[in-house]
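A single chain, nothing else alongside it, follows as structure tokens in the form predicted alone.
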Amino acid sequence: MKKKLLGLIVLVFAAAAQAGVAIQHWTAPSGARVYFVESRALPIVDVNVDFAAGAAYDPADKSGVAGLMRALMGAGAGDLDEEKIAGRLVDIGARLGGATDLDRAGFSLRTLSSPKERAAALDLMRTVLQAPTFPEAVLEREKARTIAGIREADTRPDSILSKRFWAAVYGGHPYGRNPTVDSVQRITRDDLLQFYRSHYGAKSAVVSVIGDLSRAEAEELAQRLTDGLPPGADNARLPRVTLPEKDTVRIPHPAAQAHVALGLPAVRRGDPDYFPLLVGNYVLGGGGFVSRLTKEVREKRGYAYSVYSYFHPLRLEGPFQVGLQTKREQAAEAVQVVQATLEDFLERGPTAAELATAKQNLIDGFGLRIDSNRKILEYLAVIGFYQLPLTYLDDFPKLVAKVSAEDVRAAFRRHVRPENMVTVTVAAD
């Protein structure tokens, strides 16, 4: 019976993916933007509420506020402490989570769609969103935990590389900041309150909903979750990203393996060049064992077990990055191979065979990226926050299929400029 049920669920999601995802959009009376997909396949409702409240909006001298604030919102709200919040979630069979990245922060909820359980779960989420208390004792505990995590991370070459790479690529821009022991120690409860009032306003909220409920029920849900949020402030703007000068940064470390990253700020969300860059990157370093970088760095020369490249689009220009690990004594030679491979790709672009393989794999694999409500919710949140077309999920395979070799060459030349690339090596000889 379980196998039959699992097979039925897979067929339902496969049919939904093939038929397309019908996204409905409106603005709630509170001012929040709402994105909704009705899905009756399972008796579940998934909700996400995002704000322009990511780490890039931290005060310059208090990096870490955004992450601490979002974490503490679930540690006390209304007349509930964190134990009571956790107990209520267990009682109603719901899951409340959330995350913070550079651009956004928010909460996610999964609940049964039955009226009683759904109402109880949404009431709890509403309380967490609209009446956080930021308990002082929990703040001190979380600050200590965060500081311990920073100190531990600062001993690991992979973590050191990530921090130094972003700092080198973005300089003084907020995308280049990282929490430090000193910045976290300076954070007070008043900082959390100020950040909450400024960045968690209803008019900046994006509510994404998918599941077993009607449009009318989704409208009521979104309004109820956002109608009591603070007014917010019109400060969700970031300074312009500037390209760095070409640079090489070498960081001493006793590790046997050198950790290397090369890159620069490259592409925003919604940029029309995104799909040519996506297809081209599959050929260059995003396609695993079929990628150029893997063939040149790993298979031909044995410099690294794994080498990769990717684009990370953000509200402003997110990075293009190439990464690898190699023996420290051969790191310089490995970097030279990466640079030569990239320069050749910029000059010649993909071959016809490489282009066809990349497009086919991206199109064939896309169905697996929207084969569950949870995955669709993640796309809804991105579409809503970055205001992408409502047809984005339907358009994805079509736009990939349209990409030509010349599209790839032109897009890479516009966004990947060797004269602005930064190379960072941890454990360099």
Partner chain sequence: MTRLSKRFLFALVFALASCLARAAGQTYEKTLSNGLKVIVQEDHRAPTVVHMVWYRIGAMDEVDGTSGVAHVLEHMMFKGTRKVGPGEFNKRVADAGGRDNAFTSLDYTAYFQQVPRNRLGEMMMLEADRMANLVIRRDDFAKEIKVVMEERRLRTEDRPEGLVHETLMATAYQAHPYRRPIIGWMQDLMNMTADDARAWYRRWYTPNNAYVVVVGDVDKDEVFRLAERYYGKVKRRAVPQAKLYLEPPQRGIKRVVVKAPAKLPYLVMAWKAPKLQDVDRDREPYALEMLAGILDGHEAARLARNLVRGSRIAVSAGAGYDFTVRGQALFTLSGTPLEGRSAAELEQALRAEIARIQKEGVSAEELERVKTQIIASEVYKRDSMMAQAMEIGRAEAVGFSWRDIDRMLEKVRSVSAEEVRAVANKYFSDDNLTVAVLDPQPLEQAAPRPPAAAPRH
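Since the structure is predicted, the reported quantities are computational estimates derived from the model, not experimental observations. Residue numbers count along the first chain shown, from 1. So that the term is clear: the rigid core is the largest set of C-alpha atoms that superpose within 1.5 Å between two forms.
Form predicted in complex with the partner chain: not shown, discussed below.
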Candidate spot Gly172, Leu193 and Asp344, all three touching the partner chain in the predicted bound form (heavy atom, 4.5 Å): no
Could you work out which of Pro231, Pro239, Pro272, Gly302 is the residue within 4.5 angstroms of the partner chain in the predicted bound form, going by heavy atoms? Gly302
Does Ala86 make contact with the partner chain in the predicted bound form, using a 4.5 Å heavy atom cut-off? yes
Test of understanding: in the predicted bound form, would Glu317 fall inside 4.5 Å of the partner chain by heavy atoms? no
May I ask you to check whether Glu245 falls inside a 4.5 Å heavy atom distance of the partner chain in the predicted bound form? no
Exercise: Arg110 in contact with the partner chain in the predicted bound form, heavy atom 4.5 Å: yes
The partner chain in the predicted bound form: contacting segment from 215 to 223, 309 to 317, 161 to 169, 112 to 120, heavy atom within 4.5 Å: 112 to 120
Within 4.5 Å of the partner chain in the predicted bound form: residues from 324 to 338 (heavy atom criterion): Gln325, Thr326, Lys327, Arg328, Glu329, Gln330
Kindly check if the Cα atom of Leu221 is displaced 2 angstroms or more between the shown form and the other one relative to the superposed rigid core. no
Note yes or no: does the Cα of Pro272 move by 2 Å or more between the shown form and the other one after the core is superposed? no
Once you overlay the rigid core, does the Cα of Phe134 travel 2 Å or further between the shown form and the other one? no
